[in-house]
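In the form predicted on its own, a lone chain appears below as structure tokens.
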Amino acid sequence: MKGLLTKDFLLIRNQWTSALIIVAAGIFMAFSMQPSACIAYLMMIGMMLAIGTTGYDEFDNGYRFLFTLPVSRKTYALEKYVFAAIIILGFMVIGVAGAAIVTVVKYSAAALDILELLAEALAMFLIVMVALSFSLPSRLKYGSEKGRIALYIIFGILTGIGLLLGYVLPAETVNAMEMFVKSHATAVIISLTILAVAVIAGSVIISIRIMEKKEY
């Protein structure tokens, strides 16, 4: 797996200029919106960068060459999740640091609650990993182009559900849900963690089966 991780890190290293622009855009977003918004933005970008490495592997019959090396398909699938988690965590750290700095500059040092910011970042990390769990299997099964379409469909459905709930649910219910989450933050995070781990584990199993059944 170490060799695969090295390969993927070298692949995205060539995109450092784009990464700097993305980080700058995230910091700007933190100033124009809620500071914590840049954390979710950067982690989503990190997820997309990680998933994008499958396109490089697929290009020009890359899989055929890759699997002539001492690399199993199971290891390949597992590595993609490990690599994505590392990249998303890295962008999360940058996002938390940026959000903290923006909060101090935009408001004051007293307005900065680092524990609350870290809790939000952890919840966002779990959500992004769940999104990865839906996106990566479709990318591995259908390839770069069709997988990208499937990714847009998935996010479109999730966004539509979110907007529908926001429209249907009365403001009192939304406020009550927010108060419940704040007053039971620990229980909510533990529940989200258990759910996310279960979804990710299922996604890993599906991805391994996809890779083992594919012919190159």
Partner chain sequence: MIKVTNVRKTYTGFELNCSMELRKGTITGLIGRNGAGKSTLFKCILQLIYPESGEIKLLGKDIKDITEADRCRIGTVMSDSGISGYLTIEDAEKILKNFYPKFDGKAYQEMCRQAGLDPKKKIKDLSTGMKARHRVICALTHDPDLLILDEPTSGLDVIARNEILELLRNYMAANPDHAILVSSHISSDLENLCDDIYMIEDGKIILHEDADVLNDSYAILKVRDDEYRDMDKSHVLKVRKEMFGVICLTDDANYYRTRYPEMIVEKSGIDHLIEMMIGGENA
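What you see is a predicted model, and the numbers here were worked out from it, not measured in a lab. Residue numbers count along the first chain shown, from 1.
The same protein has a further form, the form predicted in complex with its partner chain, not shown here; the description that follows concerns it.
The partner is not drawn, yet in the predicted bound form one stretch among 112 to 120, 127 to 135, 72 to 80, 94 to 102 has residues with heavy atoms inside 4.5 Å of its partner chain: 72 to 80. Using a 4.5 Å cutoff between non-hydrogen atoms, T68 counts as a contact of its partner chain in the predicted bound form.
A residue is said to contact a partner when one of its heavy atoms sits within 4.5 Å of a partner heavy atom; N61 meets this definition for its partner chain in the predicted bound form. When its partner chain is considered in the predicted bound form, I22 lies well away from it, no heavy atom lying within 4.5 Å. In the predicted bound form, its partner chain sits beyond 4.5 Å of every heavy atom of T193.
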